[in-house]
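The form predicted alone is given below as one chain in structure tokens.
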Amino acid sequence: MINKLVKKIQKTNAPVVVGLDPMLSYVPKHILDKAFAEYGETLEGAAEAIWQYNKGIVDATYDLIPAVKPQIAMYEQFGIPGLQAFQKTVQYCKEKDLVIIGDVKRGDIGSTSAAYATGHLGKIQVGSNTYSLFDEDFATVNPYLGTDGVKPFVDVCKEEKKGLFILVKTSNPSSGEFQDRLIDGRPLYEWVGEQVDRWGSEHMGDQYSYIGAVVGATYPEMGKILRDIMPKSYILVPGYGAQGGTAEGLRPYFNEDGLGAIVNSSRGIICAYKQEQYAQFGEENYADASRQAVIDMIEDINSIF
């Protein structure tokens, strides 16, 4: 799957991923009204509104981008109907030939990690039948339980030719409370990056490993160090735009070939219609605002090369 991601980035000339992280407050009134008229002000109504909102954004942007990244917590908060909306979103994005990065941040040990990996990336056997469940192409994984927590994911990825993005240095302000702690004179995130590189060396695609890393856009100097530590790992970069990351600050995350990183924007794309610069589109045309925001983001990021 890493080969497909790289090829789609090259084809679209767009090293970007749209984060499908919907909140009910993001959904335009006409979509909410229609969903509530059909299902009432219920969890099912909320899930329907979110699904229709996502569909509009995907329809408006799928030809511009290589990938999407749905954040599962935004769906889980609506219970089983929310998870059904997550599944519908993943399936619809597959129909549009997008690469799906399931932002699930799972991480446990042994059989528990194996179950998470099966649910999101693998297949489950039920009697004589085999089922793919959420069936994302990549999943985000928390490595802080060590190899016990990551190996079951890697094993499933090898079977299914799918991939991981492992948390190394996250974009949130308090990430340094643990990730920047010095161990033998070096910050913890460097040790994690080295381990990601080792895991990745055992599961290579044509140019890059199936085992990537998450490194926040808000720490470009650390990104430069980690790019050197993990030369064959694709880096998923959150924090662009709304969290303060800039295009110029992204340069260190990429290799000289212009590949090696994919930059996420969530609110900046899916809530574009609420921003002053896209206000002319109006709420009814929220998806058109998202499309223009994607075009502007691609242009901004490509300006650094």
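Don't overthink the numbering: it's just position in the shown sequence, from 1. Source: prediction; values computed, not measured.
One more form of this protein should be noted, the form predicted in complex with another copy of the chain, which is absent from this view; the next part is about it.
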(Q) Looking at T218, T89, S209, Q179 here, can you tell me which has any non-hydrogen atom within 4.5 angstroms of another copy of the chain in the model of the complex? (A) Q179
(Q) in the model of the complex, is there a heavy atom of another copy of the chain that lies within 4.5 Å of any heavy atom of S201, even though the partner is absent here? (A) no
Q. At the 4.5 Å heavy atom threshold, is V168 in contact with another copy of the chain in the model of the complex?
A. yes
(Q) Using a 4.5 angstroms cut-off on non-hydrogen atoms, would Q52 count as touching another copy of the chain in the model of the complex? (A) no
Q. Can any non-hydrogen atom of K96 be found within 4.5 angstroms of another copy of the chain in the model of the complex?
A. no
Q) So which of 248-256, 268-276, 33-41, 52-60 is the stretch with heavy atoms within 4.5 Å of another copy of the chain in the model of the complex? A) 33-41
Q. Going through 1-33 from first to last, which residues have a non-hydrogen atom within 4.5 Å of another copy of the chain in the model of the complex?
A. L24
